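Only one chain is included here, represented as structure tokens and corresponding to the form predicted on its own.
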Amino acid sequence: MAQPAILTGDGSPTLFHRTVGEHYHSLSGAHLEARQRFIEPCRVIRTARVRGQIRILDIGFGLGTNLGWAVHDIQRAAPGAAIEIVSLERDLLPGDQLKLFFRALPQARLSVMLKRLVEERRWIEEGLQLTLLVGDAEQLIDSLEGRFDAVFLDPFSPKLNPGPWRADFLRAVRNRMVEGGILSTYSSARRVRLSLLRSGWQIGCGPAVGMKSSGTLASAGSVQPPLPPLDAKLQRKLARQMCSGQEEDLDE
């Protein structure tokens, strides 16, 4: 039996995953989180305008919210830019269960697009190419070709789903980034930040969304303007742990 949707603070729906024991989105607002946590800090609109194209890796398709809003916002703010998004999902929900969340997006055509993407794993139209790959991200990453401008790192938490947060996986993602590409995630866990540092990313402080604490931003090389810096005390602590070679333990 499908679970009922939960309305978040901005009126958009999310879902509670009973097996995992976590909501798919911040209860402050599912749509708010998509835009303020991922789309804006990854600077995708700026990239699309400057380069005339944008390539995004979406780790955790979930309810399709981040992907749907990315297409919407880029097409409105950078018309004519070519968009490609590759989305990875380990546990894809049935299409019938996802319809409600697709319909909550700001345009009906986005619902049609995401429905077809779930059914056929591909959507191609002029200036837009979407691919949905189902399986463990740690295995799927090796099949990806080309380089990405942005990464939405949005799987379930490191405690419950440690694979996508480990340094070896994040290194594989880093190796598929353009110079100056940006990753954003909701996690501010020290172990996650250490994993990012050990895998070659430069890191900074992500935005706080609603009642959630600041997440983490990471860049493949330096970016302008620079990422918002972490607290100086935290930077020193991370530096000491990097020097000590302390191993990550995402299972705790």
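If you're wondering where the values come from, they're calculated on a predicted model, not measured in any experiment. Each residue number is its position in the shown sequence, starting from 1.
The following text describes the form predicted together with a small molecule, which does not appear among the structures shown.
Student: Looking at 115, 90, 174, 166 here, can you tell me which has any non-hydrogen atom within 4.5 angstroms of the small molecule in the predicted bound form?
Tutor: Of the listed residues, the single hit is 90.
Student: Can residue 95 be called a contact residue for the small molecule in the predicted bound form at 4.5 Å between heavy atoms?
Tutor: No, residue 95 stays farther than 4.5 Å from the small molecule in the predicted bound form.
Student: May I ask you to state whether residue 204 is within 4.5 Å of the small molecule in the predicted bound form, using heavy atom distances?
Tutor: Heavy-atom contact with the small molecule at 4.5 Å: absent for residue 204.
Student: Is the gap between residue 86 and the small molecule in the predicted bound form 4.5 Å or less for some heavy atom pair?
Tutor: No, no contact at 4.5 Å.
Student: Are any of the heavy atoms in residue 183 no more than 4.5 Å from a heavy atom of the small molecule in the predicted bound form?
Tutor: Contact with the small molecule, no.
Student: Where, among 175 to 183, 78 to 86, 149 to 157, 122 to 130, do residues come within 4.5 Å of the small molecule in the predicted bound form by heavy atom distance?
Tutor: Flagged stretch: 149 to 157.
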